[in-house]
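As structure tokens, one chain now follows by itself in the form predicted on its own.
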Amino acid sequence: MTITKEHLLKVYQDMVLIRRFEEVVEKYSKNGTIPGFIHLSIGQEAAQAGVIDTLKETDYKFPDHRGHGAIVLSSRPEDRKTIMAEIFGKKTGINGGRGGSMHINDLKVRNMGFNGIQGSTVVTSLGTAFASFYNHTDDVTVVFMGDGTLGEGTCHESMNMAATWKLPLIYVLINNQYAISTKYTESHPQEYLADWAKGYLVPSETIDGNDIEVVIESTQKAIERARKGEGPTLIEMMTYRWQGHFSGDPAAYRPQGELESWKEKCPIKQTKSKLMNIYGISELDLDLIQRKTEDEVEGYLQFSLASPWPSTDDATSWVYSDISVEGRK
């Protein structure tokens, strides 16, 4: 597949935005400003940018715990600073600072959020996929998952139901090689995890998750099938996270030279090379995109730093304590 110069430039900008957003988040996580654990997707931006690029606002998105990029790109531009504020735990965050890094949702654009229970979203995504089927809309559901999540029994239950009912659901399996510290080849017998879907007669393929054009092409095919009522698809996207499992993890379990080898396959670096060598875009123009993106993200940062913390008076808001339930004593 060959996409237009304008399209490739757009998704290049998207990937640069993800990278810069997470670089800033990592810095302020390490210096203690951001509370809690942070899981980053630096090095695997194409797997998020390419998928989100193919979706409509009314399509349902279930990001995973390494899903800042998908969340930012699926949001409306005016809301992006509130996503960073949410990660900082601030009152101005898109969820009032209650969600933090791993629990961000934005229902205006049908980002349905994630939670700390691995494999849970492959089940809850059945609900939105069934809603599209039941209401006769062409809205699809995309659920992001990692290679580690595939070991959960809920994945089997989800795919069995989605395949049986031909639900418009796309499983985006981002294989970044490690589940926490365990290499995926040590916990799965298959050479390609996409083969796992064959038992449910679900179409699947393994692709280069660092090639933005390949990601877009594969996702578009899966979405077309889903919109036509032909059921789910599983796409395994081979990529690599440059950081450890969480920000601050030294990742001593990785063999020497592996990270450096994958950095040569950087999705942003690959796309920049195509833009320069195939489409003749100058390095100065691409550097300008980088600087503009840095300025944009700096605006998100300053908004987050200047925002107030949630009030302790709000601590019990949106919880079920003190709520009387009819019929319960």
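Keep in mind that what you see is a predicted model, and the values were worked out from it rather than measured. A residue's number is simply how far along the shown sequence it sits, counting from 1.
Although it is not shown, the form predicted together with a further copy of the same chain is what the next lines describe.
Trainee: Counting non-hydrogen atoms within 4.5 angstroms of a further copy of the same chain in the model of the complex, say which of Glu258, Glu205, Glu157, Glu224 makes the cut.
Mentor: When a further copy of the same chain is considered in the model of the complex, the option within 4.5 Å is Glu157.
Trainee: Would you kindly say which of Glu152, Asp79, Asp138, Glu230 lies with a heavy atom within 4.5 Å of a further copy of the same chain in the model of the complex?
Mentor: By the 4.5 Å criterion, the partner-contacting residue is Glu152.
Trainee: Residue-level question: is Asp195 within 4.5 Å of a further copy of the same chain in the model of the complex, judged on heavy atoms?
Mentor: Yes, Asp195 sits close enough to a further copy of the same chain in the model of the complex that at least one of its heavy atoms falls within 4.5 Å.
Trainee: With a cut-off of 4.5 Å between heavy atoms, is Trp165 one of the residues that contacts a further copy of the same chain in the model of the complex?
Mentor: Residue-level check for Trp165: yes, a contact with a further copy of the same chain.
Trainee: Against a further copy of the same chain in the model of the complex, would Ser187 count as a contact residue? Criterion: heavy atoms within 4.5 Å.
Mentor: Judged by the heavy-atom cut-off of 4.5 Å, Ser187 is in contact with a further copy of the same chain in the model of the complex.
Trainee: Determine whether any heavy atom of Tyr240 comes within 4.5 Å of a heavy atom of a further copy of the same chain in the model of the complex, and answer yes or no.
Mentor: Flag for Tyr240 set to no.
Trainee: What residues of 195 to 227, in sequence order, lie within 4.5 Å of a further copy of the same chain in the model of the complex by heavy atom?
Mentor: Heavy-atom contacts within 4.5 Å come from Asp195, Trp196, Gly199, Tyr200, Leu201.
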